[in-house]
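Below sits a lone chain in structure tokens, taken as the form predicted alone.
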Amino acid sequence: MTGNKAAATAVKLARVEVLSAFPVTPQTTITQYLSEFAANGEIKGEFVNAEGELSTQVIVQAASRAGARTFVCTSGPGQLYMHHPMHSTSSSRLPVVMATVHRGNKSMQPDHTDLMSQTWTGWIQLYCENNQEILDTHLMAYKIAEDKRVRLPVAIGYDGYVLSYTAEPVEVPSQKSVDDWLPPYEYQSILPKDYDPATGGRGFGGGGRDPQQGWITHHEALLNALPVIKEINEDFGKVFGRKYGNGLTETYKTEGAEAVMVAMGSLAGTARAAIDNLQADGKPIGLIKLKCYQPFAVEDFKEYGKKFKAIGMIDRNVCLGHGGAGYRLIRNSLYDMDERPKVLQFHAGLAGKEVRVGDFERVGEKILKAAKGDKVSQVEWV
């Protein structure tokens, strides 16, 4: 099945009760599949058509407050259009799940700038390499989002066209197995128990409370999600036979490696082939797939910083005027180490530019040069 059908199938298996979407390329067929499921009675929930993406986010936000399990999906400019209510969805700690089918902000083609631009909205962000991972990650996302230790919305990003419209073999679990693993959603308010709406105003700041408290608890909830994501990934593996590294990062052929490249999304699949070729030629380089971008796996990268002499981050994004999002987070993670590896920055695949196995091999060669102490340029556009 295609990536979009894998996402829609996972939503059906999760017994989502309220779904809302406005079609935008390359997300459009998710809405088509969900509409068909609803019309055929395969989904018992309410499918709400809306006039735009901002409205779709508000609809699932309200439904989640009312105690419904919800789903919304978007791409590119649609993601930008729902930016405003995304803040209140996460600030209200509502466990909405959203699929973002990547379409870059400067073209119709895929890169990660649509979802990456929502970093400050405070959602958990998970990225998928293939269609099986799309289905599995959506199921895990509901359990992560609804966990009482987390209570935050989750966005699942996957590359438009490359995955959304490409068919791959996907193993679909039985409805019973999903029902046994994923319990029904139960709404729980995150407001303080002594909260008085008459004096509380908008949020936590009324009644003499610290007006920053909403930010503090939201930030802590994101950090608290790290062990929960790892725990649920491990449990999913035990029940369904598939897991994705430790849920935050995944290593590939790093045993005995002197250096590693880091990739996200479908680029990680191409990078695996390059690693195979490089190691066949005796080149000691491995791969780290970054699955969870937010919250960031700081402790994982501190451990990687001890093992490898050079790390090359391949960002399918750019924070204009600053650089790659993943690169900056890796550098920040390693800052307090007494001995730090060399960290290189690569921008690749923006606006849908094709990135081939040979390109990754060349990237690997450069990272290995840095590991040996050779002087190489810090930043490169592939």
Partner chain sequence: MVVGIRIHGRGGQGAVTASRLLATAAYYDGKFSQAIPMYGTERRGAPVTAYVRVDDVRVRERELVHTPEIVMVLDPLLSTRQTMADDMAEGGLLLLNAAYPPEEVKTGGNIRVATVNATNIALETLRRPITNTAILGAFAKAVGWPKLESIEKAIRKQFSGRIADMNVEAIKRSYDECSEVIPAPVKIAGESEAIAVGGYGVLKDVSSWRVFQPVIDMDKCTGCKNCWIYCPETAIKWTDENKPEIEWRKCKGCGICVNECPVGAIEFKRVEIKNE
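If you're wondering where the values come from, they're calculated on a predicted model, not measured in any experiment. Numbering follows the first chain given and starts at 1.
Although it is not shown, the form predicted together with its partner chain is what the next lines describe.
Quick check for you: of 113-121, 265-273, 296-304, 175-183, which stretch puts a non-hydrogen atom within 4.5 Å of its partner chain in the predicted bound form?
Of the options, only 265-273 has residues within 4.5 Å of the partner.
Taking its partner chain in the predicted bound form, would Tyr127, Tyr244 and Gly256 all count as contacting it (heavy atom within 4.5 Å)?
No.
Please identify the residue among Gln188, Ser107, Thr166, Gln212 with any heavy atom within 4.5 Å of its partner chain in the predicted bound form.
After the contact test, the surviving option is Thr166.
Contact flag, Val357 vs its partner chain in the predicted bound form, heavy atom cut 4.5 Å
Contact with its partner chain, yes.
Answer yes if any heavy atom of Val162 is within 4.5 Å of a heavy atom of its partner chain in the predicted bound form; otherwise answer no.
Yes.
Closest heavy atom of Phe240 to its partner chain in the predicted bound form, within 4.5 Å or not?
Close contact is absent here: in the predicted bound form, Phe240 is far from its partner chain, nothing within 4.5 Å, heavy atoms only.
Taking its partner chain in the predicted bound form, which residues along 1-30 bring a heavy atom to within 4.5 Å of it?
Read in sequence order, the residues that approach its partner chain (within 4.5 Å, in the predicted bound form) are Thr2, Thr25.
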